[in-house]
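So this first bit is one chain, no partners, the form predicted on its own, shown in structure tokens.
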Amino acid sequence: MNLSERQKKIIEIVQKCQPITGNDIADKLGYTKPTLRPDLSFLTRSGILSAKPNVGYILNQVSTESEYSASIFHKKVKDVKSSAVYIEEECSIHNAIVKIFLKDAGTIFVVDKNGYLSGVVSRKDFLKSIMGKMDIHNVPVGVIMTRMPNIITTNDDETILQAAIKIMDHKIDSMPVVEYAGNNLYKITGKISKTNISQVFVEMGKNSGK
């Protein structure tokens, strides 16, 4: 169900102030009650709100939770992505390890000299390089990274649910959010991780508990 921005604001007001009259809702939004009448009618007919005579509007909790759950998973990746940590291919493994720990990242992305995504390295990859007794001060990170096109990516317009499915299916901790630049080249615009998705669930739980 697609709700207008005004209808979403009405739901928020009712959630915070219930029971609340139509006149009070109109005052809070800066509209007249006749202006809001179609929205209030739609929300009550949809089962999201109930209108109690001489009392006001209240929120139907079950409808609200299902409505919120539906909307949360239709959020776009661009709404929840965070900054990505990346380095250039020629960076030494040692310097890459320092950066991944300074930034407290689980995964570090690698770009070529033109700034396009070329690889990805995880903490597990770094551990293997150390245990394999590589010369981490002189060997570039490009030697141990997973290279394109074997990198799972997402983009701003994918939904959180689509991104979560990719992360689960491929058993990875995070993905670069990319923008296609043509010729099979991609620019990194951020990342989405298990942590980002967990934050969405926490937000959903907090809101459903109100």
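The structure displayed is predicted, hence computed values, not measured ones. Numbering starts at 1 and runs along the sequence shown.
If you look for the form predicted together with a small molecule, you will not find it shown, but the lines that follow are about it.
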Query raised in the report: H94 near the small molecule in the predicted bound form, any heavy atom under 4.5 Å?
Result: no
Query raised in the report: Would I58 sit within 4.5 Å of the small molecule in the predicted bound form, counting heavy atoms only?
Result: no
Report task. Report whether the minimum heavy atom distance between T44 and the small molecule in the predicted bound form is within 4.5 Å. Result -> no
Query - Exercise: M175 in contact with the small molecule in the predicted bound form, heavy atom 4.5 Å - result: yes
Report summary line: For the small molecule in the predicted bound form, the stretch among 46-54, 181-189, 29-37, 150-158 with residues bearing a heavy atom within 4.5 Å is 150-158
Query - Contact residue in the predicted bound form, from V77, A84, I87, V120 (heavy atom within 4.5 Å of the small molecule) - result: V120
